[in-house]
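Heads up, the chain below is alone and in the form predicted alone; it's given as structure tokens.
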Amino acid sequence: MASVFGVGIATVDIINSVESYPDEDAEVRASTQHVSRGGNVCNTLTVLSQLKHQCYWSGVTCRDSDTHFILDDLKKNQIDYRYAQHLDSGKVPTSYITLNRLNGSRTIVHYRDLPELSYQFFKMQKIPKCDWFHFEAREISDTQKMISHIKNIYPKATISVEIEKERKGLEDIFGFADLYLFSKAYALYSGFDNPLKFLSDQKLNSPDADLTCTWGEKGAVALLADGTIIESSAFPPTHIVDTLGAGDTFNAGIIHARLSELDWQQTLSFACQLAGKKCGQMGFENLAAS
């Protein structure tokens, strides 16, 4: 179908499932442990690859044993990682995740000993011409320069940015991309308890972009560049199993639907349905299956 280039982090996720979230200073036994490759953009690309898109990833790895695990998983999911930066030292980012089987919530402790992908490295790569470029908002100055670089060399490509959490200088990234994908966590951090009010406020920063905001069990809202408001309910599974990566799956649904030229109501509903399906299973296997 289409080609998508993603820039962001790749991690090793160590997921311990517990029957209920432990109290402080408690000692509990995990019912299961699962180790998987994580990272927001990598998760999004995994779903997009299932949806038959050609996917590329750029980020930072290093020469440790966990890197082989990450790259093998990307290869298995047919994600091209030739544009990644491989350092001689450091430790691959690792997320230690406690998954509450009672309600599917997850608590994450994250450790990293690698720098973010730099603009200096990125601009030296012969980045392929793709239909869509998707960025995590991480090191803001470099991310903004990468977006400007792509807009310069591929002006017809669509550019999206995921904004999951507050970061220093985040305001500098607004106004450059075509689509901004906000999380509920960031909206709450910004002082809003309503997604539409939040997006209306963000519209001042990016008046020519489309904006979306997920809101958990209440679905999602989009505020388009022309001022149109689109809403979709959530599509929860019968039993919530694992909410880890639901937002990444939602983002993949948005990108796929827009590349498939669905209208925005169809786009938002499809993304919410796909995210709901993810919450009903462990991992990302077979999410694209009907």
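Start at 1 and count along the sequence shown; that's the residue number. Small disclaimer: the values here were computed from a predicted structure and weren't measured.
Below, we refer to the form predicted in complex with ligand ADP, which is not included among the displayed structures.
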Exactly one of Phe174, Phe198, Trp215, Tyr83 has a non-hydrogen atom within 4.5 Å of ligand ADP in the predicted complex; which residue is it? Trp215
Is it true that Gly8, His134 and Ile150 each have at least one non-hydrogen atom within 4.5 Å of ligand ADP in the predicted complex? no
Give a yes/no on whether Leu51 approaches ligand ADP to within 4.5 Å in the predicted complex, heavy atoms considered. no
Does the 4.5 Å heavy atom contact test between Leu259 and ligand ADP in the predicted complex come out positive? no
Even though the partner isn't displayed, in the predicted complex is Gly247 close enough to ligand ADP, meaning a heavy atom within 4.5 Å? yes
Is Phe235 near ligand ADP? Define near as a heavy atom within 4.5 Å, in the predicted complex. yes
Just one stretch in 65-73, 247-255, 26-34, 223-231 has heavy atoms within 4.5 Å of ligand ADP in the predicted complex, so which one is it? 247-255
Pull the contact list for 251-274: residues with a heavy atom within 4.5 Å of ligand ADP in the predicted complex, in sequence order. Cys272
